[in-house]
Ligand code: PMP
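Just one chain follows, in the form predicted alone, and it is written as structure tokens.
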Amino acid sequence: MYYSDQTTLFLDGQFVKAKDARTDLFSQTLHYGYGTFEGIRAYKTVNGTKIFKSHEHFDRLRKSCALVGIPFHYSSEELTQISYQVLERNNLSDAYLRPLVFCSPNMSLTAPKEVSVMITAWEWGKYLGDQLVKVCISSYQRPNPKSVKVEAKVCGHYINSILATTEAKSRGFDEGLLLDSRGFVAEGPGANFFFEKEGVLYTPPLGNILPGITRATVLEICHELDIPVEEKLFSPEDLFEADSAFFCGTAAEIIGIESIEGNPMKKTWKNSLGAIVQEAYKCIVLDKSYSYVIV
């Protein structure tokens, strides 16, 4: 699914066939989840293949490494150029890129002295599909920011995400919505969250969530289109009177929410602020003007 016999990836300074790539079974990343990664999308735009906000993603990758003490010396520009080569060598335009920083063999609980860097790519549709999703409030909380660096995109953090999504699907929902350690709404397992109420979009503030690149793009769109948006804390009960809601993330892009715990949104998606943001986002990633998008 993610690679074939012909797939080429970047690994530690070389371009190699994915089927021939090897790693050490005693890596700290494999044993302890001590590694960092990014999810980035490339699009076939009107101006050719373009990686969306590559420098922002790689800046965050470098910051994630710094936050958890993983040595990492590539610049964002170097990583961007390597990523374009990965796309070209695999004849990909619309693709999902996965950079991964994984640690050398080390069974002690200490920072590594050496790391490996992989960048691979594959064709991947929207993570949550194209249909509105049914969401539940997860019984799992996001990790306490005093216990881990929640703003770092660390491999091991996603155990929490897997548990939340698995629980949601076992309950008959498409996805879960996690709270923070104080009971306020935080984010989805792999995406940030917005909801609309009386002409205003609301989203949780930074501090207990991953600072999403797509989330930042949504805030930019709202500024450009004069859509009121507030970053504030809110409870799950506040969502049951929401006019609309959506998840946003690189893998999911912008995906509308049909209901939360069986409570339907008051507005149809096509009449929501989220739908306006979704259309503007699509225009941005494809290098098209969204000046025609009217609020």
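This one's a predicted model, so the numbers in the text were calculated from it and none came from an experiment. Quick note: we count residues from 1 along the sequence shown, nothing fancier.
The same protein also exists as the form predicted in complex with the ligand; that form is not shown, yet it is the one meant from here on.
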item: Answer range among 107-115, 132-140, 208-216, 76-84 for contact with the ligand, defined in the model of the complex as heavy atoms within 4.5 Å; value: 208-216
item: Contact residue in the model of the complex, from S54, Q28, T250, S259 (heavy atom within 4.5 Å of the ligand); value: T250
item: Listed residue (T165, N90, T120, N192) with a non-hydrogen atom within 4.5 angstroms of the ligand in the model of the complex; value: N192
item: Exercise: G188 in contact with the ligand in the model of the complex, heavy atom 4.5 Å; value: yes
item: Y158 within 4.5 Å of the ligand in the model of the complex, heavy atoms; value: yes
item: Exercise: R60 in contact with the ligand in the model of the complex, heavy atom 4.5 Å; value: yes
item: Contact set, 108-138 vs the ligand in the model of the complex - heavy atom within 4.5 angstroms; value: none
